[in-house]
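The form predicted alone is given below as one chain in structure tokens.
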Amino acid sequence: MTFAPRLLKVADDTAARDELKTLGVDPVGIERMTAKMLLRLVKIDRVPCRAANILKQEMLALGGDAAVARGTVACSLPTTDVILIGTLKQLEQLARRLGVQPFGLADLGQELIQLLDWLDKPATLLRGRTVELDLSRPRIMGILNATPDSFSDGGRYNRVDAALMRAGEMVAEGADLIDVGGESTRPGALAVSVEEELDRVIPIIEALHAEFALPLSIDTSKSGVAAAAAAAGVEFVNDISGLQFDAQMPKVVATSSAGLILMHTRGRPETMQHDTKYLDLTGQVISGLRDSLSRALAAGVKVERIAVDPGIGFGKDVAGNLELLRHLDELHSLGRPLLLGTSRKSFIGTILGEDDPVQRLHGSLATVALAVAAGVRLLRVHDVRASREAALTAWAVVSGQRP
């Protein structure tokens, strides 16, 4: 007799429930078994050895496991990273059992509960100054560079009339918001003054705000530009520095009630590609974004107004960019919506052997589809219609819903 076993992919609660319902499982059994079908790996850095040993024992008792460094059992090293290996149900049980444990493990239990909740119910709302973005499906942020030297379209839209025309095209193509930038942040680009950046973007923002109902974002790391742009009508501040470059930026964003997009970078654009080596790229990006989040929250920015961006191409080489794209779903551990900007970037050109940024459309669309599959819901792009169609098709495949 041939049984023909096959692999079964179950990514979330909904998929698990659907499989069990199809099988004809009793409703009580569905509730009991769903969480058992979802395997989760959770990494925790620098855990004291005594606490790590408790984690190991508890996971084994629950039928899971925990990977620790050699020497942890004998406490021959002070700390170890830990990888918890178990089903969603086992991790939920672990979180509850940690409540009575010493060495700070009760706090870890609460953090684990929060993490599992974020993974189960990702944020689907991002607030701006006066608008709310529904992120239950992917949204497209159109790029509008009011610069003479951006890597792909520098000098094309730095006049008000040209910017209005391009914005109208993006609206017609289905953009959900428009990101206006007045300073190139391509690798090697030099900074411009606050005054010059204001001269470039404020007339365009005022014209766009008067002409279109679409939400606007300002791509800047300068608090003075962010404040003026908010006064002129933008809803979001897109800070490529993750609040690193201007100490006043967190307070300005909080005071204006603007939404905030925090991006990871290491170093300013003129020098960021001088050091692209990381010991743990994804872990360091998450840690950096967590620090930026803490800085924003401490200044009074509301959590529902914050999204995060791993910063593809900013202080990362080609291999690093590809690694981040493979691990995008790990960024959900931050509990905030994810924005991704890969459009026409040089790593795609390197892969395809294409020097002309405009000819990198198909490579860009591949990253859009993969990002949507990983749970990214904000895509910052040059090619709005093509990116929107790729994103919505990928979303239909992943979610089983039609837009």
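We number the residues from 1 along the sequence you see. All figures in this text were calculated on a predicted structure; none of them were measured in a lab.
What comes next is about the form predicted together with a small molecule, which is not displayed.
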Of 94, 143, 289, 306, the one that lies within 4.5 Å of the small molecule in the predicted complex (heavy atoms): 143
task: Let me know the one among 184, 101, 256, 158 whose heavy atoms come within 4.5 Å of the small molecule in the predicted complex, would you?
output: 184
statement: Within 4.5 Å of the small molecule in the predicted complex, heavy atom basis, the matching stretch of 25 to 33, 60 to 68, 369 to 377, 341 to 349 is 341 to 349
task: Indicate whether residue 285 is a 4.5 Å heavy atom neighbour of the small molecule in the predicted complex.
output: no
message: Check residue 238 for me: does it contact the small molecule in the predicted complex (non-hydrogen atoms, 4.5 angstroms)?
response: yes
- request: Although the small molecule is absent from this view, report whether residue 201 comes within 4.5 Å of it in the predicted complex, heavy atoms only.
  value: no
message: I'd like to know whether residue 82 contacts the small molecule in the predicted complex, with contact meaning heavy atoms within 4.5 angstroms.
response: no
